[in-house]
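Only one chain is given next, in structure tokens, and it is the form predicted on its own.
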Amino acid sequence: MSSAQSLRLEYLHPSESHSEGWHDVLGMAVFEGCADEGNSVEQRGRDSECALPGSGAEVPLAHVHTPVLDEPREVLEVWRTGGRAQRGSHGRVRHALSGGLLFGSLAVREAELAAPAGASPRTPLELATGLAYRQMYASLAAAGNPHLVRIWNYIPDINLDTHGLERYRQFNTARHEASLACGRAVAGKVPAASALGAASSSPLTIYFLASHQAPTFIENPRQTSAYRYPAQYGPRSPAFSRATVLGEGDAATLFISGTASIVGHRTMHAGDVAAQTRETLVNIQALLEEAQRRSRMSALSLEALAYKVYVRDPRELPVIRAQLEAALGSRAALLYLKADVCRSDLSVEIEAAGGRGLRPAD
């Protein structure tokens, strides 16, 4: 059995979950309802990696501080397998393992690591990112799951300039250096990933999927590989693939990284959110075609994917939604989240996943 064969994705409200149904859960992320936007992170409770009330087990749970748009309640992103998950922890990482797949999550607050002025050449975010990535790599080594497949990174104030450099670029620098220090690739065979903004007072929050089986790494022929970006985008390039495919045939699962209106390495249609949304879908279609060409994945259509859509300005949601529903149909699986995107001239970013257990319900 392929490690991806039984992987399933669900989006649920906590009230829709049942305690008897958590035995096969690898892990979860929880996204705040829009009614929670006014609450501070401290009021919301623990940062991440905690047991869901009623689950009866320490299910890895990443608490992501990017509100769900047009939805007053929290939404759970639930990753399941066909078998019972073994749960544990390694350092700051809580994880679960089943069928050759591992889900892990962790959160690091920059204030924990801030050194006195002049004591460290690293910024607080660089220190937090370096610690988080070293802990993640150590947990993979301890669990025997060496192949990272997909990473989600949520960075508070991602576009803010501090210490003379945009925080997203600080994150990329620290991710690059921690990966090299741990003997990990920073180009080529690197996982699919997203990096989005989160609330100012939130921690750096990361969750990830890994496997005993190496995925196929997919690049977009319309785009410069992110790890080959020129120096104008920062001292270190982002270290991710445009997509990965885990497994083969009907058992394959496709993970599409955060994708935006970029052709080559340049932003397209700045200031036009409708055109940015359409261009993003063209890029996702190109990734579908390239994934089918490069791997033994069964054919998938745009309509068969499950999407997370990150919207910088909620006032632009109706325009984005109209474009997506026109292209995908009214029954497409779409979760809309309020989040800043890694470039300030990008209004929308879309990630997607597809496979047997990740298709929209009929």
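Since the model is a prediction, treat every value here as computed from it, not as a measurement. Don't overthink the numbering: it's just position in the shown sequence, from 1.
FYI, the form predicted in complex with a small molecule isn't displayed, but the following is about it.
K.L.:
Taking heavy atoms only, is S98 within 4.5 angstroms of the small molecule in the model of the complex?
P.N.:
No, S98 is distant from the partner.
K.L.:
Given that the partner is absent here, does G258 sit within 4.5 Å of the small molecule in the model of the complex, heavy atoms only?
P.N.:
Looking in the model of the complex, residue contacts with the small molecule include G258, since a heavy atom lies within 4.5 Å.
K.L.:
Quick check on C342: any heavy atom within 4.5 Å of the small molecule in the model of the complex?
P.N.:
Although the small molecule is absent here, C342 would touch it in the model of the complex, with heavy atoms inside 4.5 Å.
K.L.:
Is it the case that T81, even though its partner is missing from this view, gets within 4.5 Å of the small molecule in the model of the complex, heavy atoms only?
P.N.:
So T81 does not count as contacting the small molecule.
K.L.:
When you measure heavy atoms, are Y137, N145 and F208 every one within 4.5 angstroms of the small molecule in the model of the complex?
P.N.:
Checking in the model of the complex: none of Y137, N145 and F208 is within 4.5 Å of the small molecule.
K.L.:
Only one of 121 to 129, 272 to 280, 240 to 248, 87 to 95 gets a heavy atom within 4.5 Å of the small molecule in the model of the complex; which is it?
P.N.:
Heavy atoms within 4.5 Å of the small molecule in the model of the complex occur in 240 to 248.
K.L.:
Would you kindly say which of L287, A178, A193, A252 lies with a heavy atom within 4.5 Å of the small molecule in the model of the complex?
P.N.:
Residue within 4.5 Å of the partner: A193.
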